[in-house]
Structures are given as C-alpha cells and as structure tokens.
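Given next, in structure tokens, is a single chain: the form predicted alone.
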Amino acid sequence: MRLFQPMPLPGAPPYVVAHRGISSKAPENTLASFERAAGIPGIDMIELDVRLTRDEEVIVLHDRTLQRTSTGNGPARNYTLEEIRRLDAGSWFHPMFSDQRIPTLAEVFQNVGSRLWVDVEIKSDLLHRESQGLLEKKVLAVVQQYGMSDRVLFSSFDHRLLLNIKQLDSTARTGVLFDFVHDFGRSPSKLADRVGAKVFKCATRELNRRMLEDAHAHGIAVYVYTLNSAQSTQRMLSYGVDGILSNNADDIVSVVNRHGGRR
C-alpha cells in the first residue's frame, strides 16, 4: 500500500476520510464500520478515536463514557479490557450489529490496516489526566508494532499530545484539530508549526478562505469535518480543501470524483 502523505499530489482530488468508519450505516468506531469503509473504492482513510482502559490497553472509543455507544456505563478508564470486551457496542445502532464490540487499536490495524490509512485521534480527558506521555507512548507502540508508522496520521484537540508524539517519533505525521474556544484568532500555520504538524483539521463551519490560504502558503494540508451532504461537500471542494471527513464517506466518494482534482 502507498505511504501516507498529508497533502494530496497536485491536481489530485482531496482525500476521503470515513469518520469513525461508515458511521451512518454501521455503529461508529466498530470493526463493522471500518470494514465497510475498506470495501469502498475511493475511500483513502478511516478516522477513529483512542483511549486507555484501566489496564492501559488502547481501545477505540469516542466518548470518555460508555453508555452512548455500548451496554456499559461510566468512564471507559474504569474498566479492564476483558470487561470492555463483554459489552455490546452495536445494538444501540441496530439489533443486527449486536455482535460488535469496542475494538482495540491493534484489532483495527489487523483487520483493515493493510487497506486504508488511519487517522488516530488521541483523546484527552480533563477528568482523568494520564501520567505524562502515557497514552501517546501506548498508542505509538501499537502503531510501530503493526508497522503502521507510514500509514497513520496522529491528530488531537490537545496539541501538547501531538508535541509528545513528535518527541517520541520525529517522523510521525500529525494534525492539529482546531478548537474554536482555545484557538480562536490563531492562524492554521501558527497552530501547526508550533507542534510540527502538517495537517490542520477543523469543522466546515469554522473554515474560511483566509485560513485555507494561510495553511497552503505554509505547506499545511486542510481537512474538514463532517461533510455528509453533496451540497456541503461541493462547497468545500470549491474551496480546495485537501481532506474531507464524512459519516457517509461511501456516498461522498462519487461527489468528489465528479468534481475532479483540487484547484
């Protein structure tokens, strides 16, 4: 599989990123959702979220608590991996997915790592501060164990975590997520440069042409989320963004292909 480059080649279409997998048609952040993405030509990458269990295993889960997307309750950090594996992570979406479990990052790599790039969003938890660098070290160890270093983008709203990743592995590809409250008024290039990131990610409502021009002038790729309609996708394509995150990336692919390459 080709190596991941943060910026698509000149004239190429933007990357299509399946946000938590094909999360409009399968439960988010499950192997079922990721497998669907891996089966669609034109989807380049999946995006997922990582946290630690009580026994410090890296699991794929967006929320700090379990109740929205599984039969568990309370913080995932209070459960061991063995306990996490017993939870149903699919029935909330549809009974046909009752066999789905909260996967480990390793399991995702094992199942789809050879077919897709992976955007690993590292989640920080204000109510449970990990010891310095623990989550970053654990995540990086899994990435290296499965030979995924050249196919992973590390991203986070907590830019200090990205700086830690770069200190642990200077070759890591990283992307800063824009937090409107904390980052308002700071240019994409400044946010990215201070932690050595090559990607700037933000919500579609937050992006304007000035920000895009600033990023591109400094060689920073711009990815936007979460584009689930043809109309919103076409608008961002006209801007010239470099990556599009979507819950229904399987439908968005055709819109991107019709548009052609980035300007």
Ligand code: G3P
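Owing to the predicted nature of the structure, the values given are computational and were not obtained by experimental measurement. Just count from 1 along the sequence shown to find any residue number.
The next section is about a form of this same protein that is not shown, the form predicted together with ligand G3P.
- This chain appears without its partner; in the model of the complex, the one residue of L140, I84, V152, L177 with a heavy atom within 4.5 Å of ligand G3P is L177.
- Put simply, of D158, E121, E107, D183 only one has a heavy atom within 4.5 Å of ligand G3P in the model of the complex, and it is E121.
- Heavy atoms within 4.5 Å of ligand G3P in the model of the complex map, among the stretches 229-237, 41-49, 190-198, 205-213, onto 41-49 alone.
- In the model of the complex, at least one heavy atom of L245 sits within 4.5 Å of ligand G3P.
- Although the partner is absent here, H62 is a contact residue: one of its heavy atoms lies within 4.5 angstroms of ligand G3P in the model of the complex.
- With contact defined as any non-hydrogen atom lying within 4.5 angstroms of ligand G3P in the model of the complex, the contacting residues in 15-48 are H19, R20, E47, given in sequence order.
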